[in-house]
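First structure 1, then structure 2: two forms of the same chain, each alone, as C-alpha cells.
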Structure 1
C-alpha cells in the first residue's frame, strides 16, 4: 500500500514537463534520409502502368521502391495487407511507391516525377450495400469475411430465442450505428530505421506491441529475428492506433536498400487520412421482455465495416460477439456477427475496440426496455444482472461478477435512492 490511494510523482513526469523526453520523432542521426510515399488518389483503381525512371534520377534521391522491391509484400496481424500496392488498390491513400532522399523537398519532387496510369474502378463505401448481391467487389473472394473458412456469420446461441419471444409481454427493436473515428495522437506515426555495424536492421518504432510488429516485419524483410532489432520508448499518443504498422515496414525497406538511416514521419494530414481507424459498426437488437423486467430473449445482428483489409478487424468482431449482449443473464440468445470489406481505410484498434461500441448500443437498448415496462433504467440492470457462477453468453462460468455492487456504488455516488430490495442484493448467489 505504498502507492495505492496516494499521490506519487509520475516516473516520466519531469521529462514531459521540461521537454527532455525523447520520442521517435526526436531521433536524429548523421546522413539521415527522409521518406515520402506516393499514395493512390482513388478509393479503388487498377494500376495500368508505372514509370519510375525519371524519379530515380531526381537530385538527392537514394532509393525508390515499389511492390517489386518488397521481399514479402503482405503484413498485419492477419497478413493480407499489401506493403506497397499490387495491381488493384483498395482504398484512397494506399501506398504505391516510396522514396528515400536527402530532404523532404527532394523526396516530394521525385514522387512528382513518377508516371502512373490508373483505371478508376467503382468502389463500395456503405457496408450495408456491400453485403448485397451484385455489389462491387472489394476483394477477389468477395466482400464478406468467411469465419473458419466456411460461414459469413460468427454465431453465438443459447436456449431458443423464438420460444423466449413467446414468453415476452413486449418486443422492442432498435438499430444503432457508430462512425469512423481517428485517434489524433499528438505525435504522428514515425519510424527511424538503420543498419548497424553488425548488419542488424534497427528500427526506432512507435509500436504499442513491439513483439507483434517484430515478428510481422521479419517476414516482410525476410530476415531472421536475430537480425531485426526494435527500439521502443515513450509513445507520444497511441490509444490503440500504434498497434498497427504504418511506417516501420517502409522505413526498414529503404534503410536496407540504401544502407543509410531513414526517417518516415507522417504529417498531420497523412495521419488523419491514412492511418488505421476505429471503423464503423451497425447493431440491430430485438428483445423480448416481461412486465416484471426480465429479458426473455435477445437477438442481435452485428455488421462491422472492416475497411479494405482485415488488420485488427477480426479480433474486434470476435470480442464484440462475446460481449454484445451485455452484463445480463439472458437464457435465450442469438448473436449473428458479420465482418464486411469496403473501400475504406482498414480497421485498427482504439480504446476497447470491439467492446465499447457494442456496449453503447446495448446500454441504450436497455434504457428503451426499461421505459417499455415502466421501471427505472437502474432497476432493469439489477433485475437481469449476472451473478457469480452464472454462465456467460458463450457458456463459461463467471468467476467474479460485480455488476450489482457497481450499480449500488453508482447509485450512492449519484444520490439515487434504491429500495431495500436492491440494497440487499449481492452478486454472490
Structure 2
C-alpha cells in the first residue's frame, strides 16, 4: 500500500505550529455582542418568580431571554434537557436566563438586575440513595426513567450463573466506584452565532458532530435545515464533551433575537462547574473461579449516576452492559446495568464512554481472582481470553480477537517470561 500505513505529518500541522489555525474562540465579528447567563445557585429549586424588566433596560443590553423566548425548549440526543430552566431547576448552574450585551461587564451587570425568587428544594446527589423507594424525585417521570420506554435495567444473561457458582472453588466479591471527571479540553466551549445576508442563522460551533447539533437545534429554533448552518470542524479538544450542546443553543437564540453576532464563550470555571461530565459509576462484582483459573460465573450490578438530564446516559448504560464482563469468555453471566437521575449536571459522553470505568473495576477484580487461585495476573488473562469466533457477551461472534497476541506482545516488551503453553497460544482456535 502506498498511502495507508505511512507516517505522514498532520494535514493541518503547519497551522498549529504557526498559530494560524483558527478555532471557534478565535472568531471575531464586527459589532459582536457578548453573552452571559444567569445560572441557578442551588442543586434543586423552584423558581417562584422572575422579573427581568429592569435588567432588560440596563445599559448596553440588546436582548435578555428566558424559557418563554425559546421556540422549543428541549434539546439533546434524548431531547429532555431544557435550553433555559422551567419552573423546577435540576442542577446547580442550570441556565435560567441569557443576556446579550455590548461588553462582558454590561452583560454581567444586567444579570445582576434580574429579580428572581427561589424556593430551595431538597436535592438528591447520591445515586445509591436516589435509586431507593421514596427518594426525592429528580424528575416527574421518576429517578429510574428510561427514555426509550424499555425496562429500567439493561441486562445480559448467558448460561446459568447459579450453576456456575456451584462449579467454582472460590467466590470473590468486589465493589468499585469511579468519580466525576471533566473533559478539560484546553479550548473551553464557545459559540459565535449570527444571521447572514440570506437570513440564515450561522453558528460557529465546537460540536464534534456538526450535523448532529444542526438537527438537534433545528428543532429548538424551529428552522428548516437550509436556514441553519453549523460551521466548525477544527476544535481545541473534545474528548466527548462536545457531543453535548453547551453554548450553541443560547448563542443562536440571541443572534436571532438581536440580529447581531453573539459570542457565548464559557470561562474555565463555568465549563468545569456546569458543563456535562463523566458522572460517577458504582460496580458490584460476584465471581466464581475454579482452581485452574477458569471463571465459571460472573454477576455484575452496575449503577450509573446519570445526573439531572439524560444527555448520553441511557446510551452509556447500554454500552457499559455490553462490555462490563471484560475481554473474557464467560459462560455463565448475569449483568444488570441501570442508571439513576440525581441533581447534578448531566452525564455527557467522555472518551472511554461507559466502558473504561467498567474496565477499571473488571480488571482490578480479575487480579483479585488470580490472587485467590494463586496464579499470575497474566495467566488468568490467557486462560479466560476470547478467541476469534467465540460468542461475545451479547451473543454475536467475535471477529479478529487479539487478547492473546497483545498479552504475548506486552510480556515480551516488559520482560516477562511466558511458558511454552502461553507462547504457543493463538486467538485463532
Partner chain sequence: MIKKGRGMATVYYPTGFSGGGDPDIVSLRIKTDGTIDMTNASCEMGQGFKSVAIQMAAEALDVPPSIFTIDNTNTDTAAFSMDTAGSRSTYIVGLAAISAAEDLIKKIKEFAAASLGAAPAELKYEAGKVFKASDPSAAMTLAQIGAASTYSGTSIMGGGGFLPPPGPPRDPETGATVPTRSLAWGSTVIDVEVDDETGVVEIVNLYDCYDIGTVINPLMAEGQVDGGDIQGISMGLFEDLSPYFPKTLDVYASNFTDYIIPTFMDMPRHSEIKFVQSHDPFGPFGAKGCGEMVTNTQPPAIVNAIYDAVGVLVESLPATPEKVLRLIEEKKKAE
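Basically, rigid core = biggest C-alpha set you can superpose within 1.5 Å across the two forms. A quick note: this is a predicted structure, and the numbers were derived from the prediction, not measured. Residue numbers count along the first chain shown, from 1.
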* Either 1 or 2, the form predicted on its own -> 1
* With both forms fit on the core, is the shift of the CA atom of residue 10 between the two structures 2 Å or larger? -> yes
